[in-house]
Structure formats: structure tokens, C-alpha cells
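For reference, the chain that follows is the form predicted alone, supplied as C-alpha cells.
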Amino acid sequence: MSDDEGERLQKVLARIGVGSRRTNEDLIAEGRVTVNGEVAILGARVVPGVDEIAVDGAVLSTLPDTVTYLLNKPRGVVTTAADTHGRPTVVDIVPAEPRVFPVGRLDLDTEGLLLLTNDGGMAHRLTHPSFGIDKEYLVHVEGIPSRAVLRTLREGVELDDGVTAPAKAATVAPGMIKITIHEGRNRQVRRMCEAVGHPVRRLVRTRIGPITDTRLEPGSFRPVEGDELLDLQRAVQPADQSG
């Protein structure tokens, strides 16, 4: 590649939200950035969408207008790009351009954190069970779950589509439990709780992998950038990927 081809690496990293140009220059100088598997140098030029760029081993999407949003989904909003019944959708809340799509689903009555992106590779890895990305929920249930119920939730619950994978479950208040799963079955947490005799009254997702935000108001969103974006990209890298 000649010196006139492509864009400066630090500029590309800044555009996709890794950090300021100065921050990115520091990342490059520290040897934390690779291009096509080789440690990058200051002044390097790259072709977005062609050259493979990674920071700390996490491969980043550098296609133009790549963006990821974190949304706190309110109850009554549909997790889809369009709804035939005219109900509000999560896509209605974020900017129309560049067009993004929700990563996974939260049902109509479930609240909490949801990622929307146009990075198809990352979206696939976040939702594919083989990557084991944790999703944490705060669940208000009917009744007071016993220790035996919590043990069943942890070890696996028999559902009509098979036994669930081991989960984390703990009581945080009377009638309130925290459940962490890494599967993505339809309405899984609700079905698990109903199967053990404690139907859900309210369900809120509080964490997706390394991403959490207790200050984000319902119906609000923000971009995922900087260290948070890198943490998310690292979380979805194949386990056998190494330098």
C-alpha cells in the first residue's frame, strides 16, 4: 500500500468510537493496535472494510458509519425494526441514519438494556450461544423463592424445548431475584420462573456481557464508544483467537 492510499489509522479508530485521535496515537505507539495481524506504526494508512484492524486482539468493524447504541427499553416498546400493528419500536427511539437493528430481543413487557448496531459480525457473536455472552436480569416474581427453587434455576429448568443451561440466581430482596443466563431462548427467564412456580411480575435486563448503565433512563439511549466498545468487542472474540 502506498502512503497515499487509505486513511490514517488513528482517524479511522476515532471515527468508529475507539477514542480521540490523541488517545488512538497512544494506543498505536504502545503496540496495542494491529493491522492484518501486524503491529501497526504511527502514520500507517488503512482501507476501512478491507484491512483487519484490532485493538488488544479485538477485531473491530471499520466500515463507514459503523455504530452501536445502548438503549434502556421501556415496557410496551417492540424489539423489532418495524411493527405491522403500529406499535412503537426500539428503532423509533434511535437516529434513523445510519440504520441499525436490535441485537437479540426483549419481549413487549420486558424492560432494560438492549444493544442496537449495524455491525453484523458483532451482532451475530453477541446472540450466538457458542460465545456464552451473559445477560443479567432483575426479576420481581410472585411469592418468595426458596433455596431449592434457586438451586433449580442454577442447575437447569425443564422447559418444553429442553432443559436450560446452568444459570446464576440469587435473592436480592423478598420476591426479587437476579438471574444471569447465556442462552437466548424466547421468553426464557419468564418461562424459567413460571416453571418453578414463581411467575414474573416485572422483568428488567441490567447487563449485557460487560455493558451496564444504572443511569440510563427508560426510553433513552447513548453510543457505545471508547473502552466500553473495546470491552464489548473483546467479549465476543472467538475463544481460540490469539496472536
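Residue numbers run from 1 along the displayed sequence. This one's a predicted model, so the numbers in the text were calculated from it and none came from an experiment.
Beyond what is shown, the protein has a form predicted together with a small molecule; the following relates to that form.
Annotated contact segment (heavy atom within 4.5 Å of the small molecule in the model of the complex): 184 to 192, selected among 27 to 35, 208 to 216, 184 to 192, 41 to 49.
Taking non-hydrogen atoms only, T164 never approaches the small molecule to within 4.5 angstroms in the model of the complex. Among heavy atoms of D92, none comes within 4.5 Å of the small molecule in the model of the complex.
Proximity of L106 to the small molecule in the model of the complex: non-hydrogen atoms within 4.5 Å are present. Remark: T152 does not count among the residues lining the small molecule in the model of the complex, judged by a heavy atom distance of 4.5 Å or less. The contact residue chosen from L203, V67, I179, V196 relative to the small molecule in the model of the complex is L203, the criterion being a non-hydrogen atom within 4.5 angstroms.
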